[in-house]
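Only one chain is shown below, in structure tokens, and it's the form predicted alone.
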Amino acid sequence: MISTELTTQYALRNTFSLSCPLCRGHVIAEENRARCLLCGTIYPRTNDIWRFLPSARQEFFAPFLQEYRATRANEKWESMDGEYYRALPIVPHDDPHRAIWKIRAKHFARLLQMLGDAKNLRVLDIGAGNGWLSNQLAAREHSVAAVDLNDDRRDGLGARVNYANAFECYQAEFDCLPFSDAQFDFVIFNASLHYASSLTSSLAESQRVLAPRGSIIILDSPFYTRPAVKNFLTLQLLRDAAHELNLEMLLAFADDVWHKLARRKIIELKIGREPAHFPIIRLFQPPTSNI
């Protein structure tokens, strides 16, 4: 286990400007609690996680979290070895989810290309899970905030104890982020956009905290071309939401497009339905014309 001394020191720096999820008042962070200056609500920090999920929302999400944690544990999305987390997205050859992590490793490499050589970018990792992406970005000298509902020690924000690189953890929901406006260079939906209760609302909230000329990046969420199942993500649904929010949209793929299409057709013939595809999507505000 990694010492929490570095983590604690980092949290006390108040790297990010905070906003109350209840009233949008300014929040002042102290050692183990944060206080809204407008409504007075107190948000504690326990186990190096800032708790910005109001009690009513905790009750609302409790059934989902119980089912989600049980499913993830049954599927073995966890490890007892700290080195396992620190190596992600690279996993051992016998890992039950090696195929998925292989895709994520390719997408991570493409993400690094998108971030470029800049240092100290301010990055919001939404749906951070066990924090592997936050850890990797923090290792590259970026300031990172990891957000998730799940604070589990093996598969959620609690896994933060396995990392030495400093990043901040916030238990909060997608549609009510505990941050002030216009401060993140990149907002990354990390295998998480498909959990959004409202696509437009979640993207609008991400847009709110995005700095000028910043980008929203969508990684590792399953997309389909045909809405065969309710609540499946499609590129058309995303385009509609982006259009409503005046966001431009760019797509990329980690694999060669022709090869990917041929492989997907083979899979579709085998399983009898359309397989998911995992595009890398960038959303951004179009530049303002000076004319």
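Numbers for residues come from their place in the sequence shown, where the first is 1. Owing to the predicted nature of the structure, the values given are computational and were not obtained by experimental measurement.
The same protein also has a form predicted together with a small molecule, omitted here; what follows describes it.
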Handout entry: Position in contact with the small molecule when the complex is considered in the predicted bound form, options 150, 183, 79, 207, heavy atoms within 4.5 Å
Key = 150
Handout entry: Single option in 192, 215, 136, 162 placed near the small molecule in the predicted bound form, where near means a heavy atom within 4.5 Å
Key = 192
Practice task
Answer with yes or no whether residue 128 is in contact with the small molecule in the predicted bound form, where contact means some heavy atom within 4.5 Å.
Solution key: yes
Exercise for the section: Indicate whether the small molecule has at least one heavy atom within 4.5 Å of a heavy atom of residue 168 in the predicted bound form. Expected result: no
Exercise for the section: Decide whether residue 101 counts as a contact residue for the small molecule in the predicted bound form under a heavy atom distance cut-off of 4.5 Å. Expected result: yes
Handout entry: Close approach of residue 172 to the small molecule in the predicted bound form, 4.5 Å, heavy atom
Key = yes
Exercise for the section: Can you check 41-49, 64-72, 239-247, 26-34 and let me know which stretch has heavy atoms within 4.5 Å of the small molecule in the predicted bound form? Expected result: 64-72
